[in-house]
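Only one chain is given next, in structure tokens, and it is the form predicted alone.
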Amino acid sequence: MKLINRKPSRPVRVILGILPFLLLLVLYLGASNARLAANPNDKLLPALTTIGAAIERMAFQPDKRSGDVLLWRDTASSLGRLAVGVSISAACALILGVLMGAIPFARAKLSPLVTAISLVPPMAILPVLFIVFGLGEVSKIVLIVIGITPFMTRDLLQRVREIPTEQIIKAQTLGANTWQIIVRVILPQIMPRLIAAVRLSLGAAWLFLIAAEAIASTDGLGYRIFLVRRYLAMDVILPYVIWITFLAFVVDYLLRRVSLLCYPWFHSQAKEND
């Protein structure tokens, strides 16, 4: 059998998926041991015991100044901002994407604007957001919204236009008006694609969140990373980066489970297309 036709079993997939992580861990341990052997005070690649001590300090011991456990406080702050920003973006993208995809006049009016905004580098307007909205929560959330909404809107617009024309014609033949076609024909087919668009946008959302927190914030995962970098505290930075990655994985996994639970027909269709 040709290699392109062979598919790994589930245990083999698990092993193949874990192997790159084990390889990275082995490479890190080798490099860390080499640097620490040359300089015991080296901070660039700390030993696992040093990282473990930092995790215990950040995740289980109250901060002497604030009394908060910093890791959980930073996590709550960042997840709150991310949730609000992504929720607003998803709502805006759903409304704009469906309207532009279903109504040609709306598409002619809004599509050039959305395309133009999608081409603006969000990080370039971050100073503008700080000037307009101040250094509080609003500017960070707006950065996430501006950063991912245009992409999600254009994606949903395309998905709406991919709905077979026959379905729209049949609905009109049965007497449905524009609102009924949007609600009963388009929206049920777009909702799982909205979740897929949110999943694809999460990486960018995290990027904008971390950048905003790094520049102007008093808490949050991005703030903490850029605060301790002044002291070259890699024993704190590395666990925070891994923690952010884990949180992103969990959020993506939960969204996938919601999509599977609410829209099984969509995933069965995707499997058939594969």
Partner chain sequence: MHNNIFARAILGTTIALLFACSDKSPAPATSEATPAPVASAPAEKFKVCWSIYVGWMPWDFGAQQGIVKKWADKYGIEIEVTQINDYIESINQYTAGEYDGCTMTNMDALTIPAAGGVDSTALIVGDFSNGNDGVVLKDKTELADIKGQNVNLVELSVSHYLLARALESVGMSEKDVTVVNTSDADMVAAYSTDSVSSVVTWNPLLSEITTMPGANKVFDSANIPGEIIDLMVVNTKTLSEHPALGKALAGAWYEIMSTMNGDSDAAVAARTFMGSASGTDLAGYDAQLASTKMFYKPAEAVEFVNSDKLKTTMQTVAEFSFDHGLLGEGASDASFIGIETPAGVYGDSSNIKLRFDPTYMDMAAKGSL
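Owing to the predicted nature of the structure, the values given are computational and were not obtained by experimental measurement. Numbering follows the first chain given and starts at 1.
Although not depicted, the form predicted together with the partner chain is the subject of the following passage.
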{"property": "Contact at 30, 44 and 223 by the partner chain in the predicted complex, all three, heavy atom at most 4.5 Å", "result": "yes"}
{"property": "4.5 Å heavy atom contact, residue 48 and the partner chain in the predicted complex", "result": "no"}
{"property": "4.5 Å heavy atom contact, residue 246 and the partner chain in the predicted complex", "result": "no"}
{"property": "Contact label in the predicted complex: residue 59 to the partner chain, heavy atom within 4.5 Å", "result": "no"}
{"property": "Contact flag, residue 130 vs the partner chain in the predicted complex, heavy atom cut 4.5 Å", "result": "yes"}
